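The chain that follows stands alone, in the form predicted on its own, written as structure tokens.
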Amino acid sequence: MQSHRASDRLLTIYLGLFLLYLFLPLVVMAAATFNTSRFPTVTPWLGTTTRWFEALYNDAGMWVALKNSFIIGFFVIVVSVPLGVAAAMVLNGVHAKARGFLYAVMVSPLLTPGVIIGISTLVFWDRLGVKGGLHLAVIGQSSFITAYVMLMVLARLQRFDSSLEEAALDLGASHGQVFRRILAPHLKPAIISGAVLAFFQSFENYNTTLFTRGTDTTLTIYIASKVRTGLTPAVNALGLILIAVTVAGAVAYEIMRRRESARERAAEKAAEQEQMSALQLA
């Protein structure tokens, strides 16, 4: 009994330290946004101010870089999600002997350093006359982000009851109808999660983007260049806004998910009541 309590205490301490390690840098970053000091720090505290939000608003270069990051992230979703879904379906449908080899080939971009992917993408497309830019950054990032989407969809696909697909085909449904009405709704959570993951992987990418961006600048490249010339808390202000938007989006998604789950439970309960009423009448 005492050993069990001791293990619970150790687990609680470990969890507390882990959460502290995870969130303390974010708290310090947010606090530095309101410090008067022109350097992003909380010590010494020179006074409280909100002028760094105004500095962020007036930083045209950062807004251009942020816009480019959003553009790349959007098109990475457009490219990687369909390819990831298709790769997962192919991998799930092939023979078991070939599955291991194909899995290794499809996952290998995740194990390749981003620098290598960036350089190889730049060299390959430059030989074909395609210069660097946002379009090449999308291609370079999609080459490995697609694997993330594939893994998430594959995990969901392996829990799919294939007898539903076979029954629909036996009843005369086409393969397109089976995908739209049976398979796609089942894969919807994984596809949405994969799209979100693809966007964030693209948004924070540095190594691959550095070699494929051409003369364009993304947010990570812009911040890295500011490190050499001197960062200001305006970067912290942007980080605080992004964190707030992310948390708000997560809360909104959770609220919608709970409402949808409540509606499904209500519909199931109503169906059960109708069945009971029909049995009583019979």
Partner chain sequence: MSELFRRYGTGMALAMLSGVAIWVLAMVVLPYFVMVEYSFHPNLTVVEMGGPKDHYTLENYASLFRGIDLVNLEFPDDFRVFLRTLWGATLVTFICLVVCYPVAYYLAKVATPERASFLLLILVIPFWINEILRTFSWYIMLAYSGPLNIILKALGIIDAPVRWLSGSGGVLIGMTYAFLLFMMFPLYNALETLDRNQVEAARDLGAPTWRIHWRVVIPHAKPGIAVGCIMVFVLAASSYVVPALLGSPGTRWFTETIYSWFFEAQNWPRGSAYAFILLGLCVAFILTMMRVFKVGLTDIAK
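Just so it is clear, the model here is predicted, and its values are computed rather than measured. Positions refer to the first chain, counted from 1.
In what follows, reference is made to the form predicted in complex with the partner chain, a form of this protein that is not presented.
Just one of 227, 60, 256, 46 comes within 4.5 Å of the partner chain in the predicted bound form, counting any heavy atom, and that one is 227. Contact check for 11, 105 and 146: all three have a heavy atom within 4.5 Å of the partner chain in the predicted bound form.
Among heavy atoms of residue 217, none comes within 4.5 Å of the partner chain in the predicted bound form. Contact check for residue 223: a non-hydrogen atom falls within 4.5 Å of the partner chain in the predicted bound form.
Taking the partner from elsewhere, residue 231 is found to have a heavy atom lying within 4.5 Å of the partner chain in the predicted bound form.
Taking the partner from elsewhere, residue 64 is found to have every heavy atom lying beyond 4.5 Å of the partner chain in the predicted bound form. Contacts of stretch 239 to 255 with the partner chain in the predicted bound form, defined by any heavy atom lying within 4.5 Å, are made by 239, 242, 243, 246, 247, 250, 254, listed in sequence order.
In the predicted bound form, the Cα atoms of residue 197 and residue 257 sit 3 Å or more nearer to each other than they do here. A change of 3 Å or more separates the two forms for residue 257 and residue 149: their C-alpha atoms lie closer together in the predicted bound form.
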